[in-house]
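Here we start with a single chain on its own, the form predicted alone, put down as structure tokens.
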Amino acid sequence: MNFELNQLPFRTVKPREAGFTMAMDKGLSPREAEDFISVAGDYVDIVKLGWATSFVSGGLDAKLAIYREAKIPVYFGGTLFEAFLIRNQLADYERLLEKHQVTHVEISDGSIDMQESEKYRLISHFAKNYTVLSEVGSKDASKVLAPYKWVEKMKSELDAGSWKVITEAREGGNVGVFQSSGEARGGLIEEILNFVPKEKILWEAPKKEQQVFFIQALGNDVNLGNIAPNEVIPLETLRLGLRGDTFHLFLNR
């Protein structure tokens, strides 16, 4: 922090398991990544290279080296994993991870149909050598999971070896635990939290009002993801009660 201010809520520091922020890099240049880290690096716990942007982005090796130097783990988006899997190129994907010294992996089935048992097998397989984040929920808004199925899948994926389970919301925040309008599915979220430890969940929440919802409901140590690089600092001010939406939330506590 640049100066002192009283009555701020406790904020965990890196490396942390709670109050985790996942930023989504949708094709930043190496120079943009450097600038991003210079102002927001203390508040970024992990970076996702969105969907399959790493396949077409220039300067990939240089950018990955910048994140490594900053000690910020990076993982390729789940859509890239699915693109390799559906083409029967899983061995190629593993070679890709090794080549680029990637330590974290997302296992998802948001765009493809996969048997639950196969997904659990893949999580267990990758968890032997990587830190696995798995994702529950479909990118197809017409595919709606019952709350008990969300709970069942999330618990099973954690049991299979996932470090954290991501709730699908897409970049637009309009599927999964959110309605098409972007409004949170409160009943679903409450049911998930009844059975899955809060610190094990990474809620995709790209929109400010969604971030506010989770901070108000679960506190500033909620894990949030799909945060645009230019929204990481604004999110941190929400976590600290230094923005109008959460200004009175932590005062006098």
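Start at 1 with the first residue shown and count on from there. Model, not experiment: these values are computed from the prediction.
Not on display, but discussed next: the form predicted together with a further copy of the same chain.
Novice: Only one of 72, 127, 83, 158 gets a heavy atom within 4.5 Å of a further copy of the same chain in the model of the complex. Which one?
Specialist: Checking each option against a further copy of the same chain in the model of the complex, the one that comes within 4.5 Å is 83.
Novice: With a further copy of the same chain left out of view, which of 189, 28, 202, 44 would have a heavy atom within 4.5 Å of it in the model of the complex?
Specialist: Result of the distance check: 28.
Novice: Within 4.5 Å of a further copy of the same chain in the model of the complex, do we find a heavy atom from each of 55, 96 and 208?
Specialist: Spot residues vs a further copy of the same chain: full contact, yes.
Novice: Applying a 4.5 Å heavy atom distance criterion, does residue 65 contact a further copy of the same chain in the model of the complex?
Specialist: No - in the model of the complex, heavy atoms of residue 65 and a further copy of the same chain never come within 4.5 Å of each other.
Novice: Is residue 170 close to a further copy of the same chain in the model of the complex, meaning a heavy atom pair under 4.5 Å apart or at it?
Specialist: Yes - in the model of the complex, heavy atoms of residue 170 and a further copy of the same chain come within 4.5 Å of each other.
Novice: Going by a heavy atom distance of 4.5 Å, is residue 38 a contact of a further copy of the same chain in the model of the complex?
Specialist: Yes, contact at 4.5 Å.
Novice: Is residue 218 close enough to touch a further copy of the same chain in the model of the complex, meaning at least one heavy atom pair within 4.5 Å?
Specialist: Residue-level check for residue 218: no, no contact with a further copy of the same chain.
Novice: Please pick out the stretch from 85-93, 161-169, 175-183, 147-155 that is in contact with a further copy of the same chain in the model of the complex, where contact means heavy atoms within 4.5 Å.
Specialist: Looking at the partner contacts, the answer comes out as 85-93.
Novice: May I ask you to list the residues of 220-236 that have any heavy atom within 4.5 angstroms of a further copy of the same chain in the model of the complex, in sequence order?
Specialist: Read in sequence order, the residues that approach a further copy of the same chain (within 4.5 Å, in the model of the complex) are 230, 231, 233, 234, 236.
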